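Taking the form predicted alone, here's one chain by itself in structure tokens.
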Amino acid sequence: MLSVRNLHVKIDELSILKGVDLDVADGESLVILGGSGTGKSVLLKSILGLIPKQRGTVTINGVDIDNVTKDEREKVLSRVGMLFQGGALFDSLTIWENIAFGLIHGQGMDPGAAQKIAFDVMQQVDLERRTAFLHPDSLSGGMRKRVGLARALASKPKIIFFDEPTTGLDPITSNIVNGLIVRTVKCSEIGAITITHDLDSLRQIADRVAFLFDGKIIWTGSVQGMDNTENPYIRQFIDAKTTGPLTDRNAR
């Protein structure tokens, strides 16, 4: 579903990504781990084309998005969903209008038809119909995450990105959101990439784990493989040690 090869990204002449390679299959949930400032969010935004890359290829559903027309590229990217860390909801719009925003303003869909889709995806993420005409400032953090997920699902994506989906949520609400992610990916056979620091969430949602360090994916494997590996970078991260190769500049 998604293939990234030799991805290089610079921001203000600072190299952030230095040759990232990764793949995601249909119905697979890949979680990207890494310390703060290692480029996880930059990676997602570069795949989406929000941050330009210097080198590399991004192939989505078999299409190299840099070697097609603008219309073809937009068509491919319209099947990519994104759940932003802070929700990124429009406070001036109602919940259903937020969910249907891309359908109406991006795809030119009739508002009545878009509203019906919004109601359908609200049901998928366990949002009650009565919340459709509320505004985001009246919702809890967990409900705002559900609205963000519903908006990401409205376009029937083939792949979806989750940027720290449980940040700021209590443990119970985090478990609920994680359950929704698992259900969404498996039932719809959607490829998923999640970036998170939450190891509990990772263990619930990941089929495979990739570790990003110094601009490259330095390790990939299963959750069990992560827990059992002797890789010093992974061990330092999951054991939360303050000393080791992640914090030793000479190890880079």
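Position 1 is the first residue in the sequence shown; the rest follow in order. As the structure is a computational prediction, the values presented were derived from the model and not from experiment.
If you look for the form predicted in complex with a small molecule, you will not find it shown, but the lines that follow are about it.
Chemist: Pick the stretch from 216-224, 199-207, 29-37, 56-64 whose residues have a heavy atom within 4.5 Å of the small molecule in the predicted complex.
Modeler: Heavy-atom contact with the partner occurs in 29-37.
Chemist: Report whether the minimum heavy atom distance between Val42 and the small molecule in the predicted complex is within 4.5 Å.
Modeler: Val42: contacts the small molecule in the predicted complex.
Chemist: Just to confirm, Leu22 within 4.5 Å of the small molecule in the predicted complex by heavy atoms?
Modeler: Taking the distances in the predicted complex, the answer for Leu22 is no, it never comes within 4.5 Å of the small molecule.
Chemist: Using 4.5 Å between non-hydrogen atoms, is Ile16 touching the small molecule in the predicted complex?
Modeler: Yes.
Chemist: Mark Glu230 yes when one of its heavy atoms lies within 4.5 Å of a heavy atom of the small molecule in the predicted complex, and no otherwise.
Modeler: Because no heavy atom of Glu230 falls inside 4.5 Å of the small molecule in the predicted complex, the answer is no.
Chemist: Has each of Asp12, Gln85 and Glu164 got a heavy atom lying within 4.5 angstroms of the small molecule in the predicted complex?
Modeler: Looking in the predicted complex, the three residues Asp12, Gln85 and Glu164 all sit within 4.5 Å of the small molecule (heavy atoms).
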